[in-house]
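We begin with a single chain expressed as structure tokens, specifically the form predicted alone.
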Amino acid sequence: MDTLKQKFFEKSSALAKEVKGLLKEHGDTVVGEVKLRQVYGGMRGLISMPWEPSALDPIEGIRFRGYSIPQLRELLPKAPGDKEPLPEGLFHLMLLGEIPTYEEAKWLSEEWARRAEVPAHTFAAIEALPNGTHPMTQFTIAIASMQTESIFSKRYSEGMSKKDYWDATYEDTMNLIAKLPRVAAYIYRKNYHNGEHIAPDPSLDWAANYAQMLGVTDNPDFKSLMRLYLTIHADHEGGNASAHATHLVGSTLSDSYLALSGGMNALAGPLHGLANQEVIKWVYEMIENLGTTKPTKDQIRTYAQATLDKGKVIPGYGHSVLREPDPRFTAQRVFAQEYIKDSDIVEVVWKGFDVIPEILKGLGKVKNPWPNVDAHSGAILVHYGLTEFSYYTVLFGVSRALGVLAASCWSRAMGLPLERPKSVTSDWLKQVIADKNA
């Protein structure tokens, strides 16, 4: 058993035992209250699931095992000569709750490189799809096609004991994360570069190898961006759609491949991960409409107001939980301020940050007028030559796999049950209200 796996077993066993005691002694303790607006409003804010890797505070933003994004940029191990954190270090933190050493992160890079071979039939499945198939559709199909490699599925069919579910899930998690950059890069090169694929370089770390296979090789800063990007998008607590979908599918004892494919289908929705595509599309449309790549703040203000007047939303602003600027937006802005000295698209994003929140505040009904992570990510990618915005959600998905699969390991180790909320009819709810009024 490898060291990471052994440490996870020890920590998860201890917590599972502690939770079992809590349930026995305090199982009937009330920890939340269901309101009618939550029943009809997508269960917004309903406390109903444990999630170990991260927690989201409306004011402070996301914290991974208690650490903020600025803290992670300082504390997580980095590649030699780089300033940005290695995503391997964040996975280690989410799985164990410990900041790893550089040696531990390097071991994880090497371990994922060892496990990264993609089955030939997955590439064949991607090739069989018609031209024009959205990259996220290709991504989810590719992930599901690799289910043939599932350790959990194989061992379950052989009669695996429940106490070993976590072990098989850990193996699937490690194998699947290892393969994702290769699959994602293959989709990119097939769609946008005539199928001229770039072989993986196992000597590189996980994010740098992905950057290499994408083909953005003329600027070494892109590897730094990918390390940061894949770190800050990795998790956003368990209630977001892709995390919850992965957890829900996994709770049926579907293996990690099927669970992650389900989660990526949720990420592909315009109200979730596809939003980053919508942001840069809106920026391009504004530039074309105004006839300049250097619009003034007044021009952006006028165009944004016109968007709202048409009954549309300004993509990249607002968040269902956050009530302050997204720390992930801020992290990308800090990166751009250091590495990108002259970019019209980046300047447009910054000018938008100066004027759009005040417009949204003026509506009097927007709870969060501040930019979220999607407001900035596309502009930086465009600067480095990754202009195909329909692909951006795949990048998001590669990163999000880190958090949701780390959480899947914990779900299996703690023996969390099949998720099965109770549904009710509107007539039932109306009767409850009538009874209360009576």
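On a predicted model such as this, the values are computed, not experimentally measured, just so you know. Numbers for residues come from their place in the sequence shown, where the first is 1.
Beyond what is shown, the protein has a form predicted together with a small molecule; the following relates to that form.
With a 4.5 Å cutoff on heavy atoms, G262 does not count as touching the small molecule in the predicted bound form; it lies far away. Contact check for A379: every heavy atom lies farther than 4.5 Å from the small molecule in the predicted bound form. Contact annotation for C409: none of its heavy atoms lies within 4.5 Å of the small molecule in the predicted bound form. In the predicted bound form, the small molecule sits within 4.5 Å of a heavy atom belonging to N372. Screening 139 to 147, 117 to 125, 310 to 318, 183 to 191 for residues having heavy atoms within 4.5 Å of the small molecule in the predicted bound form returns a single hit, 310 to 318. Of the candidates V355, L75, V366, L204, V366 is the one whose heavy atoms come within 4.5 Å of the small molecule in the predicted bound form; the others do not. Checked against the small molecule in the predicted bound form, the residues M286, L360, M174, M213 give one hit for a heavy atom within 4.5 Å, which is L360.
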